[in-house]
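Just one chain follows, in the form predicted on its own, and it is written as structure tokens.
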Amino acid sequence: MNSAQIEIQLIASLVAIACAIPGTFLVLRKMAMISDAISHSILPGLVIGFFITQDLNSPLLILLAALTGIITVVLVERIQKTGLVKEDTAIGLVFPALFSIGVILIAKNANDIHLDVDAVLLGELAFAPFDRLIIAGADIGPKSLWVIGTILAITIGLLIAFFKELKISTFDAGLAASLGFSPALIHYGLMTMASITTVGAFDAVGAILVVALMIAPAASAYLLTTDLKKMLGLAIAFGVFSAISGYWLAHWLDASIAGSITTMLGILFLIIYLFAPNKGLIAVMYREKQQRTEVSLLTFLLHLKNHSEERERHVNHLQEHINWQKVRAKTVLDLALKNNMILINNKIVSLTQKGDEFTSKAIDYIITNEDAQIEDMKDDFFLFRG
């Protein structure tokens, strides 16, 4: 690997870490798409900053772009609070308007500037190592590396300093207010950092990758854990892994680096979405199948308790009386036998003492509208699940 390759991967990794931290809180606050709004609506702030300073490297661009991001959040919330439209609709109204203002400003006052898809939407990490930061004639590395590194250091510092406040206000704003925290102040502080991170990463990676790095790693981590610290750690790890593997995928395919990183983020999320132990699609489908079988078992036990006639409890006639298919009837019978809920004598099914006790408790819970407790009762009675 040459130095440019190392620098590209380092910049991409720092961007991934810087985006994962605010992105985690955005996902938990159900504000994921606000990152997309911010990444587009900062354009007029960048343009106005450039018109004022005539310098693309001026810190004023970052400040004005971050201010535009905050304005975006405020406008979205104001529109949403009217109750006339929902948050997603408000976002869809605000950021195209602000983005269009930026495009019009460029077209009217800087029409010799080429606003292409790569620069604004996809970004181009391959060019980042060539934009160097020179101080007193000394080359101290890529400018993007220093910009995003500084933003990351500030973000980590603020996260450590205000972690408790962020955590409480994210999960319970009312409790945060009662403890003396200002949920609004914390909220706008988070939005400010998200805006500044977006601006810092915008030049190197573009709007699409900023959104992907903010949301995809955090969403993937959300499917694997309910612990905030673990979620932050996993989001950072997923972001860095996707950044590095995406770079080498782009190198292998001779394709866009930003596009390849976004692709890796999508693949990683898809794998976790399918195979996550508790929240993955396969696990959820299996659990739903298990619950259907257990509901069928409860229905079967209630049928036995309510019918003493042998013809109603004959093995060969269960599917007739409970309207089950043969396979389903056999599955429920096997589960009941495994859990010692029933006895079969001369093909006549009877409740055991354990089965009778379980069914009686289930009836009590259902009558008292406390059927949610049946899940706890299953854990006490069942040795085998459906």
Partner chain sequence: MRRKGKIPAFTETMDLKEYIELVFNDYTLRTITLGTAILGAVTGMLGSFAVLRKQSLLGDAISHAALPGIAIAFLITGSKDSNTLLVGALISGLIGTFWIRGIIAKTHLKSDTALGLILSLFFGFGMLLLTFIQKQPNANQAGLDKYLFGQAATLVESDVWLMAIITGLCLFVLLFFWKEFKLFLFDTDYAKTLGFNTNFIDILITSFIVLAIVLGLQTVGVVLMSAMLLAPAAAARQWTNSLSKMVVLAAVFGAFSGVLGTAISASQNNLSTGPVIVIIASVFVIFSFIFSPSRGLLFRQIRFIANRRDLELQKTLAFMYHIAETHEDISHPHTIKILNNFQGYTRKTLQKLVDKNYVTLDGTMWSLTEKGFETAANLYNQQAIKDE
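Here the structure is a predicted model, which means the values were calculated and not measured. Positions refer to the first chain, counted from 1.
From this point on, the text means the form predicted in complex with its partner chain, which you will not see here.
Asker: Residue-level question: is residue 134 within 4.5 Å of its partner chain in the predicted complex, judged on heavy atoms?
Answerer: Residue-level check for residue 134: no, no contact with its partner chain.
Asker: Would you please decide whether residue 265 lies within 4.5 angstroms of its partner chain in the predicted complex, comparing each non-hydrogen atom pair?
Answerer: Contact with its partner chain, yes.
Asker: Considering non-hydrogen atoms and a 4.5 Å limit, does its partner chain approach residue 333 in the predicted complex?
Answerer: Outside the cut-off, so no.
Asker: Just to confirm, residue 171 within 4.5 Å of its partner chain in the predicted complex by heavy atoms?
Answerer: Answer no; every heavy atom of residue 171 is more than 4.5 Å from its partner chain in the predicted complex.
Asker: Only one of 178, 82, 316, 308 has a non-hydrogen atom within 4.5 angstroms of its partner chain in the predicted complex; which is it?
Answerer: For this set of options, the contacting one is 82.
Asker: Sort through 238, 202, 95, 247 and report the residue having a heavy atom within 4.5 Å of its partner chain in the predicted complex.
Answerer: For this set of options, the contacting one is 95.
Asker: Go through 178-186, 86-94, 158-166, 141-149 and give me the stretch that gets within 4.5 Å of its partner chain in the predicted complex, heavy atoms only.
Answerer: In the other structure, the partner sits against 86-94.
Asker: Spell it out for me: taking its partner chain in the predicted complex, does every residue among 17, 51 and 196 have a heavy atom no farther than 4.5 Å from it?
Answerer: No, because 17, 51 and 196 lack any heavy atom that approaches its partner chain to within 4.5 Å in the predicted complex.
Asker: Using a 4.5 Å cut-off on heavy atoms, what residues in 208-233 are near its partner chain in the predicted complex?
Answerer: Going through 208-233 in order - heavy atoms within 4.5 Å of its partner chain in the predicted complex - the hits are 208, 211, 212, 215, 216, 219, 222, 223.
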